[in-house]
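The same protein chain appears twice below, in two forms, each given on its own as structure tokens and labelled structure 1 and structure 2.
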Structure 1
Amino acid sequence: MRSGPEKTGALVLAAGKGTRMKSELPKVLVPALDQPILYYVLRTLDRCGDIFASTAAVVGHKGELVQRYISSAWESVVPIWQHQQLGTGHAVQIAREWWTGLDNLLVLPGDVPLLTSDSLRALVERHVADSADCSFITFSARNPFGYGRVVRDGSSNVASIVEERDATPEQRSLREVNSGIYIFRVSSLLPHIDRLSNENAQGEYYLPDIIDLMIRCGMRVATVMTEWEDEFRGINTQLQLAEAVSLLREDIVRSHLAQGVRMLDPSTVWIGPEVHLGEGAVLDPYVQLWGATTVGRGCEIGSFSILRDMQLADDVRVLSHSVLSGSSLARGARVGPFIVIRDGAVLEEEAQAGKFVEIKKSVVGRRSKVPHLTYMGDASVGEGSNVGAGTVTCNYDGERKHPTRIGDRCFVGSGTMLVAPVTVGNDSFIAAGSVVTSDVPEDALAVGRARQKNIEGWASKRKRLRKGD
């Protein structure tokens, strides 16, 4: 879609190696919280709505990994290969076929996870309103070291951008710096994009050099100055990543607090950017919520619990030290403490699963209970059943997994081994300590254990034999 009569596209520079990150991953795929750094930049562009008609990302170092991520998570983004990483100007050059048909081209780095959509909207709107040939974002840096300084003439117009290594002592004292986020009128960019020179220590083509070319040709170069410096933090080291992640975490926590989520100690809670929390949810200290987790209204999550890709309906209670992933808990379910639920497990309304229980790829029916020390794998439990402590569904025969089916209103005694495949009919009982290898019919009692035999005097005899030794 177009914003007004002009067609604007966004080009994300995501080809860099990120040598100082010391990571096997390309820099833009290094996780920040539980999403790649690149996720945040693409999300910001997405939040701009219909301002951008299309988006492309330049990929290079280990580009197949970046392209795979883009294809899986951002299908509308066009990957463009930069097989030789020869600088930001070169990246724009090799993408020319994609952007030539646009009216305006936004160029931004792929490693600024704190960037906001408000700043991008302001830049685009100002650029179009001023009919500028180029506009870019500047800010006043507390410590401008490493940034390109914005040098202005006597009329406060941009005279040039001077990089740190080329700046004079007077220029280094300037605090207004270049953010590295530009928007060009395409008709103004085309005459200059091939005039870039790589006569520098790195042998690269730098995009800021186009600003100087445009100014010398009398073109209009405008700036939009913003106040929040942290928004433009680039990620080049693990320390910078940690600092950015801290700010991301604080922003996410604040947004959920504003929506009515209660946190007893917000400084210890970690929440991923794709997590959704309902009003009135309560998070105890040291809770972690990741992935596409949804927590309903009125839920309570106990301390030291870790949830990933979980779906919790309203009024679910998760007690402390619970590790839950890829599963769902229906309204009023209660789980934990010290429980593992994973791989597509489902607990239906008001079901309970307690301490030292693992539930994998199984369904626990409405108001059924799996209270203690139990493993449920590839199983289903009907409504109103109780599974006693120490029960194990023996689902693996060494080659294949097999299902266990427990019906409605069943009672499974403690220490039962259910050797799958096996079905327990409705209203059945299984005696404690049984090994069940055959189906149990409805309304039956199954006893699958050896008859007890008591040998009187055996203990004393054993002691006498030991003394004789």
Structure 2
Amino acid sequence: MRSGPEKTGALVLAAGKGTRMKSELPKVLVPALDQPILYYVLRTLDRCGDIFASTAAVVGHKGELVQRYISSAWESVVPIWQHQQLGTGHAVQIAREWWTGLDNLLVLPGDVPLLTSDSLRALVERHVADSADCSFITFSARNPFGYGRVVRDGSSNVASIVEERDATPEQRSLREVNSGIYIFRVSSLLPHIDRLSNENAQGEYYLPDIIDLMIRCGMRVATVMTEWEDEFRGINTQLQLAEAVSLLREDIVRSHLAQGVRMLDPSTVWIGPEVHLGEGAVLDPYVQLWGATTVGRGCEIGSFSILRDMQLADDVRVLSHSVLSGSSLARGARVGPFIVIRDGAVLEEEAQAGKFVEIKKSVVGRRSKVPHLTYMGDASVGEGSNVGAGTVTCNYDGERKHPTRIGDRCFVGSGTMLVAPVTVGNDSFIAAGSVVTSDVPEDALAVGRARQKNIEGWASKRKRLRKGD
């Protein structure tokens, strides 16, 4: 008798090259929306909660990149090296040391981003209820090309899985295919895993061949047949990736609509899987939200705006064509249209930044305004200040960046060049068109420009001179 609950581990096969993708990146790292394909598979396993005692991923082709991704984003996942990619069966063989101590082993490919935790749970439950030696998911494919076909005997029991390239024309016409997702009782897998042969069209050790081997030894192989094919789509080509991305996009958009986000045209909105949106947020057509962006309640995002890794508190308004990244906007801030905000910029409560403005690594204080045509880099602006149109913080001397500090309640006239490092004290004014090269004390007016000179009668004199030519 077993003591305690069964220990099940999950093994993700992610070592393949993905030749058919024709991509520089290993297939499992190719992005779907803004996350690698592998992210979705690992997230699904994560969502299964404690069903899986541990998870490992087999890495190989450009494995350093895959391993680096895993250790940065999924630190509990164990990487296992398959230095030569000799097939899916070989991948399970080389991971043996990791899985022998388990009671059950789930094996799944790293290229099925649409897979849900419900399906994995159903597979595990069924496997345990049937006391099967192996259970795997099959589905009926509209176009079975490329999948392993599930061959059944006269009493419709599974007999084997035959790969596309090894199938007879008759077998190729079968619609029921292997999802590549299996669960094995470890004690039943062990005696068979080394019996796989590579005598097939690809010269590889195919994991699906184990089905036939197990059945011939009288073992119990069960299938979970599903109707919903989309979920099990393997991504092998750019076309399949594009189709999967479109389904992922729809799924994410729907879940935000269900949470009370309003979208005028959901079919044009793109939202990454790590984005959080508050209730009552409104997204105009053609908005893109990526990375770890958080949008508070009641925010409005205008058309053609692209936000990445942004933190928006409640009631922020982003007008159209705003490109914002890695920065934060406090409650009631208002930005755009046509603005770039980047690299750790902070707009405090009710601050405003407007048309044709770029703000980089700068703080704009409460209720301060930067309404038009400004570049602000490495700067800080206090509360209630106004930065006039065309102001530029000249932060770069060709070698290093320098800071600009503007205090509270300042008025920076239009067309001011602030040559950093420079500090402008509280309550001071700067005359329009000034080039400010030294600090401005509190409560002062700084004028830094050539004095204007008018020459009376100059224009008509010029006209006369020309006539005389």
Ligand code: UD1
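In this text, the rigid core denotes the largest set of C-alpha atoms whose superposition between the two forms falls within 1.5 Å. Each residue is numbered by where it sits in the sequence of structure 1, with counting from 1. Computed from a predicted structure; not experimentally measured.
Between the two chain copies, the one drawn from the form predicted in complex with the named molecule is structure 2. A displacement of less than 2 angstroms separates the C-alpha positions of Ser76 between the two structures, with the rigid core held in common. Once both forms are fitted on their core, the CA shift for Arg185 between the two structures remains under 2 Å.
Annotation: Cα of Glu456 displaced by at least 2 Å between the two structures, core superposition. Lined up on the core, Asp166 has its CA atom moved by 4.2 Å between the two structures. After superposition on the rigid core, the Cα atom of Asp153 is displaced by 3.8 Å between the two structures.
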